[in-house]
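One chain comes next, on its own, written out as structure tokens in the form predicted alone.
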Amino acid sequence: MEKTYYYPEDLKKFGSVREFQPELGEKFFNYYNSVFKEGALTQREKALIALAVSHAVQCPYCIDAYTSGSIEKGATEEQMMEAVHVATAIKGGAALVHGVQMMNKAKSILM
């Protein structure tokens, strides 16, 4: 096995994070499960949002989980890739808009 920080089999152990702090772990999972219930957004829409966010925060475990979840909830490959592109546009834009901060600082030094 190639050495890596991320092991896909660890995703199956996610629930074990309760082990060192059961009360807080339980609160997290209660909240987490409530968030993903059908509401104003469908479960498919929530899975696609989670897939996009997974890419923005670059969590390989989340990418695996929400790729599977999106497919299970009826998302198409095209919808999933579009969600990834939305995340890419927002993340790229967020980095670029901070260029204004750099420009303001540079102007204050150079002028």
Partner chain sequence: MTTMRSLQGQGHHLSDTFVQLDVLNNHHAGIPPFGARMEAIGLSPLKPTAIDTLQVNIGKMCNQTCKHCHVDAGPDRKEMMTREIMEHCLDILRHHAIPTVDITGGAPEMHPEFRWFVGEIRKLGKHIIDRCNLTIIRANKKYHDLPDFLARHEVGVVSSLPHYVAGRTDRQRGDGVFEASIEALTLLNRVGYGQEDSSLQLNLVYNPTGAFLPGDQQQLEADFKRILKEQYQIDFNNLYAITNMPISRFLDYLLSSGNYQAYMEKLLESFNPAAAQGLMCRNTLSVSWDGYLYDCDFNQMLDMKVNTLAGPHIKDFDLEALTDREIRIDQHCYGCTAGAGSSCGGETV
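It should be emphasised that the depicted structure is a prediction, and the values quoted were computed from it without experimental measurement. Positions refer to the first chain, counted from 1.
The same protein also has a form predicted together with its partner chain, omitted here; what follows describes it.
Just one listed stretch, out of 81-89, 68-76, 49-57, 23-31, contacts its partner chain in the model of the complex at the 4.5 Å heavy atom level, and that stretch is 68-76. Its partner chain is not shown here, and in the model of the complex it never comes within 4.5 Å of any heavy atom of R18. The closest non-hydrogen atom of H98 lies beyond 4.5 Å of its partner chain in the model of the complex. Residues of 19-42 lying near its partner chain in the model of the complex, listed in sequence order, are E38, T42, the criterion being any heavy atom within 4.5 Å.
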